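Let's start with one chain on its own, the form predicted alone, as structure tokens.
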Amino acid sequence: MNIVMSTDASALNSEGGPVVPVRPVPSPCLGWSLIGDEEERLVLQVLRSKALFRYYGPDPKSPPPMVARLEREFAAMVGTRFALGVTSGTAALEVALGALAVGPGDEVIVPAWSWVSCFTAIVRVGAKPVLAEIDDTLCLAAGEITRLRTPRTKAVIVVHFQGVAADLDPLMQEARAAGIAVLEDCAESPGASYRGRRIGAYGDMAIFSFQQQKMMTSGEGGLVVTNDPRLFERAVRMHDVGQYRDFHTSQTEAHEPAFCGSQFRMAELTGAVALAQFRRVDQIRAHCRRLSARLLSQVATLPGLKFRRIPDPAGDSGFETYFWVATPALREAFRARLEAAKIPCQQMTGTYAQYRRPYVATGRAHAPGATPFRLGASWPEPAYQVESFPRTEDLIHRFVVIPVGMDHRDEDIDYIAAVIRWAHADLRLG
């Protein structure tokens, strides 16, 4: 039976079939839509204590609790020994890379399809980003670590893209065989799991982000987690101008020589909001997973649509559903129909093909001597050109994404599914 879009709810199509009235659907917002009494309560506790700095306040006998509590509860959820609050997800990447002793002369493998910070954080510590292909998980493709490793490869960043864990088993095997460190970027996927374990506990280190568009938010903020006491100590020093305070000594004794770090300490106000938001992560996942399952039950068998491969369907977060159509032109036509029906169909957070970004086109760092690249007439070299990433290019120009948020209800999902079926029929994809 055909479906026709109309602004007239009483209309019928030419075959007497149902009409789907055009109507708006909610914005696909996540954690920030739930900001309310709990965030206010914890923020007021901080303000009334007058202790805004995480390590001390007016009462030396009562250390400020918010960031410490967030670290303790977050580590328990992920399943790591240690967690460290920092100022942002970008800061978390720099802190983790510094803890891993990544620096000038080193190389770090990173998916070509990733957020700007995945590339720039590597450059900021003086190392060279090595771009890798993605696969139909929209995460790092198996085989890329083996293909791209060199004697200079120090680490690989495995990005768990938009609520879905990368296929960690083959990636971890490759990294361990190559003897390189694994840094999990969980910025877009807090609470997601793989084979029954939360992501963030698989690699040597992992990072999380609490920026406004993330699943849980404190506006800005981030965390670094690890099971390794040496890496934890180095992360603490990296984020606190080389210091290792008594608070952290109580967690694990210091053994590393002091070194020059930066300043990425999380404040208590940030910790208060992040703590309230963190306690809702599984609620957000459960809501979005239920709705994404409802959507898939109505559209997954449509011919001509290929849905994103999820390595562990029991562990994803469900807030974005991706599918591919045959060509980029068909993708634009599909998107146009969804947008005409007032359905957002763009990804909820900025992710880019790194080789298309201006900072890659120039190869510059903040100062001429700080760039890891050999700049000149031959730059960008082939490893940073569009032509070197055929798999990634094919995937990123053909997908349609359906975001789902905390304000969506069953009737919204049913409307979205009806519009997808209509667009599919209208484009004669059957």
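A quick note: this is a predicted structure, and the numbers were derived from the prediction, not measured. One-based numbering along the sequence shown.
Note that the form predicted together with a small molecule isn't included here; everything after this is about it.
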property: Contact residue in the model of the complex, chosen from 80, 321, 354, 90 - any heavy atom within 4.5 Å of the small molecule; result: 90
property: Contact assignment for the small molecule in the model of the complex, among 180, 159, 123, 132, heavy atom within 4.5 Å; result: 159
property: 4.5 angstroms heavy atom contact with the small molecule in the model of the complex for residue 138; result: no
property: Contact of residue 221 with the small molecule in the model of the complex (heavy atom, 4.5 Å); result: yes
property: Contact of residue 209 with the small molecule in the model of the complex (heavy atom, 4.5 Å); result: yes
property: Any non-hydrogen atom of residue 74 within 4.5 angstroms of the small molecule in the model of the complex; result: no
property: Contact stretch among 185 to 193, 240 to 248, 163 to 171, 339 to 347 - heavy atom within 4.5 Å of the small molecule in the model of the complex; result: 185 to 193
